[in-house]
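Read on for two forms of one protein chain; each stands alone as C-alpha cells, with the labels structure 1 and structure 2.
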Structure 1
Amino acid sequence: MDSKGLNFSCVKCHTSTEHEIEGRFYSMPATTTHELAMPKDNPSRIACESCHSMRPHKTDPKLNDHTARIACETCHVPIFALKKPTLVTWDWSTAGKFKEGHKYIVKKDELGMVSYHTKKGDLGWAKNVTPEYDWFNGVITHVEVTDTIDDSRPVRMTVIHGDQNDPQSRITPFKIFRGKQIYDAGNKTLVVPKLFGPKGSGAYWNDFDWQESVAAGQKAAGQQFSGELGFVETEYLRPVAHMIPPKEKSLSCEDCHSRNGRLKNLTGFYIPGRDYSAILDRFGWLSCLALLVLVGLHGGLRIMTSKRRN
C-alpha cells in the first residue's frame, strides 16, 4: 500500500487472532457490509469503505452517487496482474505425460511461467488482465465434495450472490479462474485426490494413476467413490480487491458510459451513454429535422414579409 506513503502491511487490514487471519471472503458463506468500521473494530469488514466511508470523493461529489451500486474496486482496479503473471487456466486432464526414460516434461511460455508440467497438466498465465463484472451482495457460497454437480456445463466452484434488483448488490470486478479437474462421474460430485505421498500409496505425483489417487483421497476424506472417473470444466470466481493503482489511473466515465464499455455484458438495466433505443433515436432526429425545417420556413417568411413592407 505505497511504500512511500502509508506503507501498510497485510496485517494492517487482515488482523489475526491465534493465527486465524481475518478476510472478507474466508467464511462460508462469505459476507460483508458497507459501513464505516476499522478492521480492529470489526474484523469481518475489511473493505474500502471501512476506512474511506461510502462518500470518499471530496472534489467530485457526483462520484459518491455511484458507491451505492458500484464497488470501489470496479473503478479503482482497472486491471490486475500488473507486474507478475497470474494463473488463469489449469487443465489437469493433460497431466501424466513423460519424456523418454520416464522423465518429467516441463515447458515454459513467453512470460517465463510453466505452461506444462507432467505433475499438473497445462497451465495458462496472463498479465494486465481486465476483470469481469457482475452484481455481488458480498455473499459467496462454495461447491463442496458432498454437492451434486451438473457436469453438462462448466461448474461454478464459487457461487456469487446478488443481482440488480437486490439493493445490497453492487457491480463488482472478478477474476475468473477456469480449470478442468477430476471428478466422480458416477456420483456427480467433485473429489479429493491424493497428490503427494510415498510411491505405492496412491499419490498421483508418484504413481500417476488417477483411479488409485481418487480412491485413496476420498477414503482419507471420508467420502464415497463410485469408481467412475471423468474430467469436468470448472470456474472459480474471486472478487478483485487488491493491486489498486494511483487514483489518476482509475477508470474514467467513458470506460463504462459507452456502448462498448466495460459493462456492455451486464444487461437488463439502463446506463447513460451505453443504452439506446433505435426508435427513440429516429424520432429524435426526425424531430430535429422538422424543427430545422420550421425554423427555415419561419426565417424565410420573415424575410419575404420584410421586403414587402419596404
Structure 2
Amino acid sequence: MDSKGLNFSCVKCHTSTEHEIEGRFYSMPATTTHELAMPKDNPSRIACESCHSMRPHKTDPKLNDHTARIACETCHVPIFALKKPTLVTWDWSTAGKFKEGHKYIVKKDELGMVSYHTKKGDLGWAKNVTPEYDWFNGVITHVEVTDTIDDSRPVRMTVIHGDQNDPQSRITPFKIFRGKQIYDAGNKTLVVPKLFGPKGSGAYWNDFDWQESVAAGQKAAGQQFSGELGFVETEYLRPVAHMIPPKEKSLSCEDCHSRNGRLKNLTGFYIPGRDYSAILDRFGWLSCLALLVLVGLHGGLRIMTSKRRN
C-alpha cells in the first residue's frame, strides 16, 4: 500500500466528516471497533479492519487467529523509514559548543544528515528501523509541563495504555524517539526553554545560557522554576501505522516464534517456540536420557551374560 504499491492517498484512510479528520493518537482512541466499515453506516475507515475485516488472510488462515491479539501493523510494518532517515535520538546536553571562538560546529553523518549542531546538540538518524513492540489499546496520554517526573530513569513522554490482560489491547509496533533534555531538577518537572529571540532575551539560540533560557521560557509559559537544572533522558513512543509494504515483506512466523524473536522483551504470556519451562524441559530430557542409559545397561548386561552362557 506504499508509494511503490497501491499508492493510497491519505484521505483513503483519513476520512473526514465535517472536517473532523479521523486518525490521531490522543487520549481518545481513534477507533474502538475492529470490524468492516461500510460507508453507509460507518464513514470512519481509519482502521485496517475497516476495509479488510479481522480475517483478511486467505492463504494462511492461522494468521487470522492472531489479529485479536496482534495489530495488523505489527506484521505488516517490518521496518520503517525506508526512503528517508528518521530522527531517533537527540541529546541537548552537548549543545552550545563552538569552534574558533564563536563559530557554530555542524557535523554530518554517513546518511548525509546533521549529526551535531551547536544549537541542537547531538542528533542520531536511522534508516530501515525495526520497530519496538508493546501492548496498546489506542489510548495515549502525554506528560505535561506541570506533571512531576521520576528522573531516576528515562521519562516516558507518551504514556502508552493497555496491557496483555486488557482485551482491547493488541501488540503494536512503535517508533521510540530517545532524547536527553533540560529539566527542572529542583521541582522535578519538564520545562519550556526559550529557544529563539533577540540577543539578551535569554533565547538559547543566541545567548547559549540554559539558566537564562529556562527562566525566560518558564516565565512566559506561566510555570514555576526552581533555578536548579539538569538533563533527563526521555522516550517518546509513536505507533507506526504507515508504510505498509507488499504482503511478501510481512513478518514470518520465526520473527516472533523463536527464542530471540522480535517480541523477546514482551514477557508474561506464552508464545510457542519462544517460551518454555526450563525446569520442565530439563526434567523431561534428563528423564529420557536416564531411561536410555538404563536400557543401555540392561542391554549390555544381557549381551555379556549371554556370551558367558554360550
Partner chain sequence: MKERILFYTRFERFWHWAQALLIILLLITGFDLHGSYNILPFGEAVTLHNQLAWLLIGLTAFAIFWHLTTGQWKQYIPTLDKATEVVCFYSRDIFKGGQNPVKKDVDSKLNPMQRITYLLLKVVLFPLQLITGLLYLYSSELGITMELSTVAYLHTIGSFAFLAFLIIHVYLATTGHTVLAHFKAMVTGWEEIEEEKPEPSSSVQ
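Definition used throughout: the rigid core is the maximal C-alpha set that superposes within 1.5 Å between two forms. Since we're looking at a predicted model, the values are computed, not measured. Sequence positions of structure 1, starting at 1, serve as the residue numbers.
Colleague: Do you think the form predicted together with the partner chain is shown as structure 1, or as structure 2?
Modeller: Structure 2 is the one predicted together with the partner chain.
Colleague: How about residue 56 - superposed on the rigid core, does its CA move between structure 1 and structure 2 by 2 Å or more?
Modeller: Yes, the C-alpha position differs by at least 2 Å between structure 1 and structure 2.
Colleague: Hey, core superposed, how many Å does residue 291 shift at the CA between structure 1 and structure 2?
Modeller: On core superposition, this C-alpha lies 11.1 Å from its counterpart.
Colleague: Keeping the rigid core superposed, can you check how far the CA atom of residue 277 moves between structure 1 and structure 2, in angstrom?
Modeller: Taking the core as reference, the C-alpha of residue 277 is shifted 2.9 Å.
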